[in-house]
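Only one chain comes next, encoded as structure tokens, the form predicted on its own.
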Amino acid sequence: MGGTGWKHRALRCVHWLDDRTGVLWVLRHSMFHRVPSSAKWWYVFGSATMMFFMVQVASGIVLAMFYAPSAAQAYESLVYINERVPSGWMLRAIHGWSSNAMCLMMLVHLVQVFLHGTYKYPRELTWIFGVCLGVLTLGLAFTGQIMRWDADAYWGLGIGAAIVDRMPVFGDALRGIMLGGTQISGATLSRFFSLHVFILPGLTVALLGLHLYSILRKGISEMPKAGEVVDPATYAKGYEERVRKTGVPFYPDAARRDMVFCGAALIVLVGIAAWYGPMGPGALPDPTIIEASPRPDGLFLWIFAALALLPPSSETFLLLVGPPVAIALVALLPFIAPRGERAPSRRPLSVLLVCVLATGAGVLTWLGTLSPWSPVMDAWTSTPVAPEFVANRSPLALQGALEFQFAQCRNCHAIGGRGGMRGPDLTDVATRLSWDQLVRQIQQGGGNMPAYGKTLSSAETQALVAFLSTLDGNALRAVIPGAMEAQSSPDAMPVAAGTRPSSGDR
């Protein structure tokens, strides 16, 4: 009787709590609501995104116990976590890599929803909440990089502040709010710490609740089929009837696939974190080191490259107008195209748009890794000319090889794939430019290349051109017997380039 009475009182408490809050109703409706039977593996990416967010929250809470959000101690606290806290490096690695994984899953989820036309009637709010969650996810990732408080974080903040400062009328005030003053300081880190730990996660949780409620309210869309168009006059009633007849409970049918995919993704995350370790911190944040080359984490390199390659004349306009307009267009997509076909095979323009954007993002990511627009400032001292490009050269050509280094040409030009990429690779420049053309290019410049007519003397220019005229990619020496010996003569060098120097050039 005593046991029965205890159970009875416990059930009364549960029923009282459910009557006041509706907790059991929410759980029951969430776990056992019916979903289309065709909702299979394409529908797991949203759950994976939420799982990675939960990993972010759990690992972030533990890291916050050791992190010191002050300019004087932030860097040292990260080093302490990496080296002194038991398994601290692994915790930081999981937190950092799960951030990238969350962004990746979010992007894949948005692309899947777009290709399947799930944003159409009646799921407009579900899409809008999802787009807002995507923006918040990017904000969490950016502010997370600031928490490392290394050189990348410092200069990244500087670039962000410079962009905000370009805004007309309110730019200066917004920059002050962003930095907490006129320059990057401890107040800046405190503000971004509050954003990263409190404000952005709170907004994310709130929007996530609205997003999930909207999904429960309007249901999970069916897999699109060619010929089944969305008509607001008939779609909602037809969807409810189909789900009632052929739908399956979310748990265990659909939930099983979510759990399998999330479990596999979690295993991969732990493996990557253990193999690659934590992200930073990198070099100390030193404002006196102006040669620093700040860059974001790998998933955002395409944004970094796009900003670096913007034309100077349109840079301010595109920076301030482009992102807000793009986000607004994406968010308003359900109102732009609320009806019609959902199947990708019947929406070739949508598929083409995704392919173009994915290809562009991939190319920009590759360029962001290489940074070809930025000179390698120490290449002239740290990247020597390979022996095969100076072997058996004349004394004049060897002097030109020295000029090539000392004039810092190596910072922008590569030979044999080694050196800067801001200018063309010069491995086979002698097959493209004649002696006279080389002289003219060096003296007058052109494109991104400055003019060296007043920097190099006539003798130095002649020596440099003599060296460059031997760079034919070894193509001529490989097919013409005795070409190596001929190249050792200054008179013969322009022949390899397709011309012969005049007496004035010599």
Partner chain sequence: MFSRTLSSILAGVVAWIGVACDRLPGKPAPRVDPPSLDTSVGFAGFYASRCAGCHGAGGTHGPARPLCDGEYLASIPEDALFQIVRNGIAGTRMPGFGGSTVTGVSDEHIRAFIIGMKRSWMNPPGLKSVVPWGGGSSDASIERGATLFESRCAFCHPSAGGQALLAVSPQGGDVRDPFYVRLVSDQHLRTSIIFGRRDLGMPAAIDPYQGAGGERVAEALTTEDVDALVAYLATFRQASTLSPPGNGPTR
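As the structure is a prediction and not an experimental result, all values here were calculated from the model. Residue numbers count along the first chain shown, from 1. Whichever C-alpha set is largest while still superposing within 1.5 Å between the two forms counts as the rigid core.
A second form of this protein, the form predicted in complex with its partner chain, is not displayed here; the remarks below concern that form.
- Although the partner is absent from this view, L63 stays clear of its partner chain in the predicted complex, with no non-hydrogen atom inside 4.5 angstroms.
- Put simply, P338 is far from its partner chain in the predicted complex: not one heavy atom of it is within 4.5 Å.
- Mapping the unseen interface onto this chain, G360 falls outside it, with no heavy atom inside 4.5 Å of its partner chain in the predicted complex.
- Although the partner is absent here, L125 sits far enough away that none of its heavy atoms falls within 4.5 Å of its partner chain in the predicted complex.
- Taking a 4.5 Å heavy atom cutoff to its partner chain in the predicted complex, the contact residue among F193, Y75, F114, F250 is Y75.
- Put simply, of L396, L136, L269, L364 only one has a heavy atom within 4.5 Å of its partner chain in the predicted complex, and it is L396.
- Only one segment in the set 208-216, 76-84, 104-112, 117-125 has residues whose heavy atoms sit within 4.5 Å of its partner chain in the predicted complex; it is 76-84.
- Shown here without its partner chain, the chain has S458, A459, E460, Q462, A463 in 442-464 lying with a heavy atom within 4.5 Å of that partner in the predicted complex.
- For T204, a C-alpha deviation below 2 angstroms is recorded between this form and the one not shown after rigid-core alignment.
- W149 shows a C-alpha shift below 2 Å between this form and the one not shown [criterion: core-superposed Cα displacement of 2 Å].
- Fitting the two forms on the rigid core leaves the C-alpha of Y119 displaced by under 2 angstroms between this form and the one not shown.
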